[in-house]
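Here you get one chain, nothing else, as structure tokens; it is the form predicted on its own.
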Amino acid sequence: MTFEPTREAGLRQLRAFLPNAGRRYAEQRNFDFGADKRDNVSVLSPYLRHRLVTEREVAAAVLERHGPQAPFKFLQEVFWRTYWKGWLEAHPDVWQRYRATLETLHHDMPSGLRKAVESATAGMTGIDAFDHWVHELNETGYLHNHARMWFASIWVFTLRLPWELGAEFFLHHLIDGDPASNTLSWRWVAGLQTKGKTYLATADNISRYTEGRFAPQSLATRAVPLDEPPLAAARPLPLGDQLPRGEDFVLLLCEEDLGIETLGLDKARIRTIGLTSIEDRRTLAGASPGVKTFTQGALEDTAARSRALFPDAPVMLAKPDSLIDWLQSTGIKLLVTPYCPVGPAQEALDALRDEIERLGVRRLSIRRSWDSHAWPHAGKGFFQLGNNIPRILDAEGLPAG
């Protein structure tokens, strides 16, 4: 399986999946038929991850094709991504704690643990399903969502490895690797996200939902929840900014949001557009070659689309360490970026805050209405948000039933 890193490829994949987004998806979504047979799921996550295609566009297309009832299971999956992001926005200390733990583990990792991790990430555990998924992840940059859950459960409860290292392995290799979805899903499997609730991978379940392709032996039979110190209280959601009217600005995009067509920008006032990548900040080891290839291709596709949309605005692909020089060279005193949620992109931009201010430049962070409508419902469990899906869709002007 390969992913073409363009918006058009994402829209093409959406059109191909639409007939299957209703009852068929609900009935077959948990089956992992293998890398060459993915038509039971959307495979849209790489495009949603970078907002080459947006959640709203997906929801609108599915609702137009099926109405609000038949595709509800699929719509819930779209909203899970939104939920994780909103939850982490309110609990940034979870991301900070995860990153700090990784720093400690890498700095002072016992040799026995290092060997065990190396064996697992090389696909040499002797657990047939797990080893296969390691190689599939390395080769394709993608795993079925059910396989990700099984993998994480085996990593934590059978191999007894730190969940943070498993989450880092995923984030390094997954083309659709999202800081919120990845981190919090691993925490959920381990019993940290929903206190006391774990996910246990079993041989019978794996065999059933892979149609007998695997029969893993010696899996853990109990999943005792992990523990951690108490988390900080949820913070109020940061506010997004409004795009000013009548003022020239510089637009900066990174791979967090490349949907330049759907940002509601003021065409007349964009003076120049910069695109940059922070994939090397994804993990302590950066990102895999597959992730870098997709990200670079997505940035180049966005640059081409930007030139077509805004022919009077010069477009430049810039390295993060050259952003300040680029910004200074524009002479424009207003920098606009799409809202960067908690994660490496936000860290990278925050690290430039003092230098941006030193130039006398104001920075505005524009948040999409989809996030603004959904994130206030993401402070607790998913079903608080899930129960509000019709209300969120209605606020987005979409048919909610």
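Start at 1 with the first residue shown and count on from there. Owing to the predicted nature of the structure, the values given are computational and were not obtained by experimental measurement.
Below, we turn to the form predicted in complex with a small molecule, even though it does not appear here.
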Exercise for the section: Would you point out which of 42-50, 328-336, 63-71, 358-366 contains residues with a non-hydrogen atom within 4.5 Å of the small molecule in the model of the complex? Expected result: 42-50
Handout entry: Among the candidates Val78, Leu165, Val250, Leu137, the residue which, in the model of the complex, approaches the small molecule to within 4.5 Å (heavy atoms)
Key = Val78
Completion exercise
Assert contact residue (the small molecule, in the model of the complex, non-hydrogen atom within 4.5 Å, options Glu255, Asp178, Glu89, Asp301) equals Asp178
Practice task
Find out whether any non-hydrogen atom of Leu143 is located within 4.5 angstroms of the small molecule in the model of the complex, and reply yes or no.
Solution key: yes
Exercise for the section: May I ask you to check whether Thr295 falls inside a 4.5 Å heavy atom distance of the small molecule in the model of the complex? Expected result: no
Exercise for the section: Please check if Thr125 has a heavy atom lying within 4.5 Å of any heavy atom of the small molecule in the model of the complex. Expected result: no
Exercise for the section: Determine whether any heavy atom of Leu192 comes within 4.5 Å of a heavy atom of the small molecule in the model of the complex, and answer yes or no. Expected result: no
Practice task
Check, residue by residue, if Tyr98, Leu102 and Ala287 all come within 4.5 Å of the small molecule in the model of the complex, counting heavy atoms only.
Solution key: no
